[in-house]
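As a starting point, one isolated chain is supplied in structure tokens, in the form predicted alone.
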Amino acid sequence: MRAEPRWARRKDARPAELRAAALDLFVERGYAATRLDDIAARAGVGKGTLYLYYASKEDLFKAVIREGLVPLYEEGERMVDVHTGSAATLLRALLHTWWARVGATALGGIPKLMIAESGNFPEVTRFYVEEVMSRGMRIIGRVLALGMDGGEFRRVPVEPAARLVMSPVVLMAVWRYSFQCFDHGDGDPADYIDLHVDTFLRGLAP
């Protein structure tokens, strides 16, 4: 079997390389300050090559979100679909998975970026809310509803409860990209998540 030409493999890899470069620069500099020229240079291609794959910075940002974050939420939806045990166990697993796949990676810088620049880029913000935030809230809401329907949790309004679940974990990601370099504490994120879930579940006890 003939090996695939090296240039062909490189061409196939370019969208992923461009997304990785874009994510790094978005997190380092913010959305407004990141230029397509800089993304192309970070990825080792010309700006014209970048335009072969993405028509604009907004398109590239959306691709970063769709390829980096949306699959995780799809996985979370599947976890809820097939789960048959304790809702509390599922809730804990979802939060630990989110931290491992988002909060502890470069993707964890996106929440800070959105908080800082949402007012200046309404279309990008709308996309992020619909594709990421709202979807995540629905997943957590489904878990809470399962626990309430099964008598594991007491009845509370699902939507605000879902926000209470996610807010401290998202804040931990924002903290990591804002203040952690000045914070000399040695707290383990896994311990933080477990303490948060334990505290929250005590409030939902029947």
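In case it trips you up, residue 1 is the first one in the sequence shown, and so on. Everything numeric in this text was worked out from a predicted model, so none of it was measured.
What comes next is about the form predicted together with a further copy of the same chain, which is not displayed.
S56 within 4.5 Å of a further copy of the same chain in the predicted complex, heavy atoms: Output for S56 is no: heavy atoms all beyond 4.5 Å of a further copy of the same chain.
Hey, in the predicted complex, does E28 get a heavy atom within 4.5 angstroms of a further copy of the same chain? Within the cut-off, so yes.
Looking at the partner-bound form in the predicted complex, is A106 within 4.5 Å of a further copy of the same chain by any heavy atom? No, no contact at 4.5 Å.
Going by a heavy atom distance of 4.5 Å, is H196 a contact of a further copy of the same chain in the predicted complex? It does: once a further copy of the same chain is placed as it appears in the predicted complex, H196 has a heavy atom within 4.5 Å of it.
Check all three, Y51, R135 and P189, heavy atom within 4.5 Å of a further copy of the same chain in the predicted complex: So, no: the whole triplet misses a further copy of the same chain.
Partner-proximal stretch of 37-45, 58-66, 145-153, 162-170 relative to a further copy of the same chain in the predicted complex, 4.5 angstroms, heavy atom: Selected stretch: 162-170.
Which one of A93, V129, V80, A100 is close to a further copy of the same chain in the predicted complex, taking close to mean a heavy atom within 4.5 Å? Spelling it out, the residue with a heavy atom inside the cut-off is V129.
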